[in-house]
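What follows is a single chain, given as structure tokens, in the form predicted on its own.
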């Protein structure tokens, strides 16, 4: 688990685990959410008012699942959703349906983000390929302006997971829960500044050679 990987490796390992090993993407999403949830509960965070800032990709789905786990625990949580829900990935669409079942409120008010006691950054993962602008940039600026501590899922949104460079604007997290392996961009000076304390969570994503070695 000490190896740091590139974006291409992360995507290849995901695809291998889902398509060859046969572990469904939704299972991996649930494991990612549970790992993040456990790190939140085991750390010294103020969870009086939690806001999950999520987009409609699978990183957002991870965050929406975290919101549900917090809600079931009796914690006050809301979701600030970015992007068009009609264009969400299939897994994130399912997570939104589950969140609706549990009555987790959706907010479009950035003041809710600024006034949170803990923010979960679930906007962009390793797949970010262009600079962040518009409402996405506004949300990241609000996260960084808040007094709340921030937990990023996989990588701080806006950080290039290969280079550690800021893609226009990036979340400055207190903690990052990254999945399966660390990312090489988080080991750079800028990456370290933005990711804070990094926890590597084993959620069952493995390189092909690792799977073959286990046989």
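Numbering follows the first chain given and starts at 1. All of these numbers come straight from a predicted model, not from anything done at the bench.
The following text describes the form predicted together with a small molecule, which does not appear among the structures shown.
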Review point. Considering 126, 81, 116, 139, which brings a non-hydrogen atom within 4.5 Å of the small molecule in the model of the complex?
Key: 126
Review point. Which listed residue (70, 35, 146, 29) meets the criterion of a heavy atom within 4.5 Å of the small molecule in the model of the complex?
Key: 29
Check your understanding: Heavy atom to heavy atom, is residue 104 within 4.5 Å of the small molecule in the model of the complex?
Key -> no
Practice item. Report yes if any heavy atom of residue 131 sits within 4.5 Å of a heavy atom of the small molecule in the model of the complex; otherwise report no. Key: yes
Check your understanding: Contact between residue 21 and the small molecule in the model of the complex at 4.5 Å, heavy atoms?
Key -> no
**Study point:** is_contact(residue 59, the small molecule) in the model of the complex, heavy atom dist at most 4.5 Å
**Key:** yes
Practice item. Given the small molecule in the model of the complex, answer whether the residues 65, 175 and 198 all have a heavy atom inside 4.5 Å of it. Key: no
